[in-house]
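Next comes just one chain, in structure tokens: the form predicted alone.
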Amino acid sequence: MSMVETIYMPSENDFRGKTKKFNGVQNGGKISNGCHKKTKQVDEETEKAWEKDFCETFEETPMLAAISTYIGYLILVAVGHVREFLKSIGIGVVKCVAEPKIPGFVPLYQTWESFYSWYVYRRIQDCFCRPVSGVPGAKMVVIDRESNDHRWSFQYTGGHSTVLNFGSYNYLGFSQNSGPCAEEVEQTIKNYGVSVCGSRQELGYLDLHKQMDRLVADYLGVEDAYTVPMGFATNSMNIPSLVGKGCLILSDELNHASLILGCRLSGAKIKTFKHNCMKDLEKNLREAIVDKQPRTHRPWKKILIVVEGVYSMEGSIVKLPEVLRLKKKYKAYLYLDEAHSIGAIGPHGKGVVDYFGLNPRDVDIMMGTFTKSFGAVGGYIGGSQALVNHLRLYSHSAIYSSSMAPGVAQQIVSSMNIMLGRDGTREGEKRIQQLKWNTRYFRRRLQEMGFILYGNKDSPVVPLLMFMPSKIAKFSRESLNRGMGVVVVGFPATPMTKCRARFCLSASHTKEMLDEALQITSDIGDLLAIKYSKAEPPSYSENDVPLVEDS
């Protein structure tokens, strides 16, 4: 029997009684998925109560903007092909690393990606990978640089600019080099050193790591938790330990690259469903149970639904109550990635489960990272004791990677204790409410100005749609010149007609900072003519959020 077949997932005994079923199919092969028998009549109004306060906006791309975007890309690609032709006949100047043409050998790295990088991305690459200095707090220091060869290369000028920081994941404002967290981290480094130089299974597991694991489990409200020193690897290295050949993964089409890689490495069959579309998810679940595995027509060993809490490019929040309803109805498992939701949303800052007031033990695998809200690095997986014990034994991240550095572990412990109020103050509650207030205020003002925004009213990720790549470049450069740092994103990270700027809000932003950023954004919006929205003004308000005053 393979390792994948014997892994420990949360059992039927934990959640659904003692009858052993695999995704709604019993041993005899008859479908028994709970569709036909219902012992309790559930009030539909109670089930849908969460929808009354659930507000998300996704305006369509204006036709003129879409046509202009396609024409712009067409011109860029055409010019690139002309330059490639000139290079091939010896006229054009070769400024990139060119692959030698060896007879009998296929090109090794000169692909469409290379072409796109040279002739499209290069033109605006000064807007990306900007070097910064210092901590990514409410403000940051950007190192100045210039290019004398049309952005093929850059040189530092020796200067720097201090700008408002709307480009870093610092939701709760813990990315700072002063205060109680920094002091405790400094003392921990003096006691433990800067690294453990070993994996969990090779003397790299300290009492500090044990304390951190227990604290994370307590924070999440689950039996146990397992921590990993890298957020990306938390998904990519642990999903293959949970599912494998003969299993089916139903993945949201906008899931993060780490989830996609982990699913591919697992060897399981992967099917995507439309973003946050419960009808499409249910359709896929039904087909999986009815059609079973291709060729053999055996029942799937497991069906795993993979979703995120807050989607970092769209700013949307998963409809978790509906996902849980479908998971229970069709006897599937749920993998919830809370990288951008843990700490950032919910009345207690405990993520999307807390946001909807659900039971965390209804989620089979809870994943998240410490990089966005807690000012650290790494990630965690929380769930049942059996699940966590299995990962500690079989996960590649437990065997082949060094354990988390003591200073990083202490940062997580210190910040989580503040969030739980165990430091004897209301600082954690204050940060949660401030972030929620900042989010609603910033989103409301931008929508009133006429910008097209994506996402949920409570998502601290605020995508502002500009559509054309030339406009995201101009927006980024103008923002930096006016004292604001913001991330811009274009194709292929987004669909071709949905280029955008992405604001990341923080509890450390003051109202004065938000107002300054709003004024800068409005001025640039008028300059670039990107106030495309025709939607009605938002009905929500930040006045519904009670702030915690300083004691």
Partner chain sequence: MFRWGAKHPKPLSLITNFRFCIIESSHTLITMNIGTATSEENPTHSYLGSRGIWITYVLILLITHFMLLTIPFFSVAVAWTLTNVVHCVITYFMLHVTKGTPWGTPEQGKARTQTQWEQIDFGQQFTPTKKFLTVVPVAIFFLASFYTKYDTTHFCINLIALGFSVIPKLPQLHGVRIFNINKW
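C-alpha atoms forming the largest set that superposes within 1.5 Å between two forms make up the rigid core. Residue numbers count along the first chain shown, from 1. On a predicted model such as this, the values are computed, not experimentally measured, just so you know.
Same protein, other form: the form predicted in complex with its partner chain, not shown, and the subject of what follows.
Its partner chain in the predicted bound form comes within 4.5 Å of no heavy atom belonging to Ile520. Contact annotation for Ala493: at least one heavy atom lies within 4.5 Å of its partner chain in the predicted bound form. Its partner chain in the predicted bound form is not approached by Tyr394, whose heavy atoms all lie more than 4.5 angstroms from it. Put simply, Pro347 is far from its partner chain in the predicted bound form: not one heavy atom of it is within 4.5 Å. Checked against its partner chain in the predicted bound form, the residues Val132, Leu206, Met313, Ala386 give one hit for a heavy atom within 4.5 Å, which is Met313. With the partner omitted from this view, the residue of Val82, Ala98, Val290, Leu74 that lies near its partner chain in the predicted bound form is Leu74 [heavy atom within 4.5 Å].
The candidate site formed by Ala66, Phe105 and Leu254 is fully in contact with its partner chain in the predicted bound form, as each residue has a non-hydrogen atom within 4.5 angstroms of it.
From the list 478-486, 48-56, 494-502, 520-528, the contact stretch for its partner chain in the predicted bound form under a 4.5 Å heavy atom rule is 494-502. Remark: with the core as the superposition reference, the CA shift of Pro100 between this form and the one not shown reaches 2 Å or more.
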